[in-house]
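Here's a solo chain for you in structure tokens, the form predicted on its own.
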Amino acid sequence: MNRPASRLPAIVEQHQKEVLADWLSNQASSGALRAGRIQESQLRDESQRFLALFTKAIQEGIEFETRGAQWADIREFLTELSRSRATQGFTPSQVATFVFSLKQSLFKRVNESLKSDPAALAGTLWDATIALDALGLYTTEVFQQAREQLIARQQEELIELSTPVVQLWDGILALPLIGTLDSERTQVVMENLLERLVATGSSIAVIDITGVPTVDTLVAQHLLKTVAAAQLMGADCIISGIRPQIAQTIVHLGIDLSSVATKASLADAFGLALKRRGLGVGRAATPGA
């Protein structure tokens, strides 16, 4: 639904410099520059661009559905701005305030221009309110999507960082696990381990669960899947870090780990791996002995 608003474009265009000056002052007062994440020159440039796009859009008449074609350029600008500020650590309210703070300056000019025509004043203020509210809410939607994408990407990076595959010796790899194993992380663990098995030509993989707080049926299933995947690649697996409480839990749950060698510590598992490779560790002779 469109509502003609011929008075609003003329007022904005006529008082563009004053509106911009007041708007920048309002944003500064609201703390837009206080966090130090953006410079005054950047804020001015962004405000000028938005005001120009807003003026252009309303010249075609106010459309309540700001997702229409006439608002495409301003949506693109707000999408870029919202995503940028989401990565800079701004809050949703700080981003939305960029649009909402324009109201005070704009309404002041509308009141001055139409104070002798109450009907036109009310209609123009209503048109401006509807448009700016919709655009402000749009920034919140985009900001939320950007934050969710950022959090998801950070989670993926943390998973990658928390599942390193370390080469202990020629042909022996270690996979120290820290935290809880879920389906998504298990997939990453398996992929990393299999890639390193192929890349190094290793035949033994030590999976250390010292940093796994608890082992339940689901965690055990994920471990067995990882072991099975490694065995399909021709590698033997040893699980280390079996603490007394974890051993009791495994027995209580009836989890069968009989097909996998288990050790209490990574050192014990490494000793077993060396033995399977036909190697051993001995004390070096003392010089002069």
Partner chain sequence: MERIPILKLESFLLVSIQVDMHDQLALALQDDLTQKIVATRARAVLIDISALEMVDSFMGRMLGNIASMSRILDAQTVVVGMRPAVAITLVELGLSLPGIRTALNVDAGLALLRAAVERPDVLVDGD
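Bear in mind the structure is a predicted one, so any value in this text is a computation, not a measurement. Residue numbers count along the first chain shown, from 1.
The form predicted in complex with its partner chain exists for this protein as well; it is not shown, and the discussion that follows is about that form.
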| item | value |
| --- | --- |
| Non-hydrogen atom contact Ser202 with its partner chain in the predicted bound form at 4.5 angstroms | yes |
| Close approach of Val198 to its partner chain in the predicted bound form, 4.5 Å, heavy atom | yes |
| Partner contact for Gln231 in the predicted bound form: its partner chain, 4.5 angstroms, heavy atom | yes |
| Its partner chain contact at Glu191 in the predicted bound form, heavy atom, 4.5 Å | yes |
| Three-residue site Gln187, Lys225 and Asp236 fully in contact with its partner chain in the predicted bound form at 4.5 Å by heavy atom | yes |
